[in-house]
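In structure tokens, one chain follows: the form predicted alone.
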């Protein structure tokens, strides 16, 4: 090393390289880079080992699991042998495919990777930096609570006023599957739940001839959003059938375990959080920070994906989208995120938004469909 070389930065550091301290290096990093280091330290402290994946995979992996991806569009190329490859649009698929089974032992893995996805603006592809973790193996209540706690701690490293919304596909999926009017009606109601659109549920009732008793439960599910101790009694009263009890008990177990972890107001139940039942079977989650209109964290329990890829163990994890930090202004906020689709009437969206604003706060975000 050149002992006479100095490190000069915009932050004013100007000293010999061999005298640079970790604090000095942190000072010259961007917000996303500092977050990545802090998250890596957090996950390592909890026993998660670093896992690395290639930037590309066999294209067939994504064709077979297209429903798991956020977009149908995948960047492809032919390798030297003429085999069709793809720049990876997802990390979890690669980890599950390549991480060897530990023979009943729990695997705790974390990663810092790039993915390549179609831009929501429709102007090509974008490179997205993700940091996240996966817990693979015999997943019980403790492991589920650990991952949710780490999701909360991850967001706390980037801002004080974060929130983690959790839902449970073990409750939402069987309720939607019980729709008396068939799959098309169930999909319409699921879309309304995802967009916090109770008026849309009423319209679906009229369009598909849904019975009032079923619609009342759908409307109740759309309305349930808040602290677990407030929402869980209502959930238990609305869904007393045996097929919902495992999910309700797991939510109760999570709420009890996390009650003493100084997370008051940071964990809430919100059944607009819906992921594909083909891949997710248990708790699902999304995380938000003030000033960022879209989720910065997402994940959940994905045992069905494990089965699709030939594995018999369980799995739960989440990803943090570090590229979102560039758009984060300063400020405080506790508003709910309400997504709406481009084909909805503005007046209908305004009515929903105003109701949520009066109930405590709202950020209305137009959902961009990938194609």
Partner chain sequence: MVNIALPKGRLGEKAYALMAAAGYPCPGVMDNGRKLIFEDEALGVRYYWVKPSDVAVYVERGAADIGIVGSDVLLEQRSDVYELLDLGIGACRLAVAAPVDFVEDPAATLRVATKYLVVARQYYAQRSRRIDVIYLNGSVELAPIVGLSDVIVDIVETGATLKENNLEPRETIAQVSARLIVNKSAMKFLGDAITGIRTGLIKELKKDAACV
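Residue numbers count along the first chain shown, from 1. Every value quoted in this text rests on a predicted model; they were computed, and no experiment measured them.
The same protein also exists as the form predicted in complex with its partner chain; that form is not shown, yet it is the one meant from here on.
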request  = Would you mind picking the one in 106, 75, 255, 194 that has a heavy atom within 4.5 Å of its partner chain in the predicted bound form?
outcome  = 194
query = Exactly one of 231, 139, 163, 188 has a non-hydrogen atom within 4.5 Å of its partner chain in the predicted bound form; which residue is it?
reply = 163
key: Answer range among 288 to 296, 209 to 217, 108 to 116, 82 to 90 for contact with its partner chain, defined in the predicted bound form as heavy atoms within 4.5 Å   = 288 to 296
key: Contact flag, residue 270 vs its partner chain in the predicted bound form, heavy atom cut 4.5 Å   = yes
inquiry  = Can you work out whether residue 198 and its partner chain are in contact in the predicted bound form, taking contact to mean some heavy atom pair no more than 4.5 Å apart?
reply    = yes
message = Residue-level question: is residue 203 within 4.5 Å of its partner chain in the predicted bound form, judged on heavy atoms?
response = yes
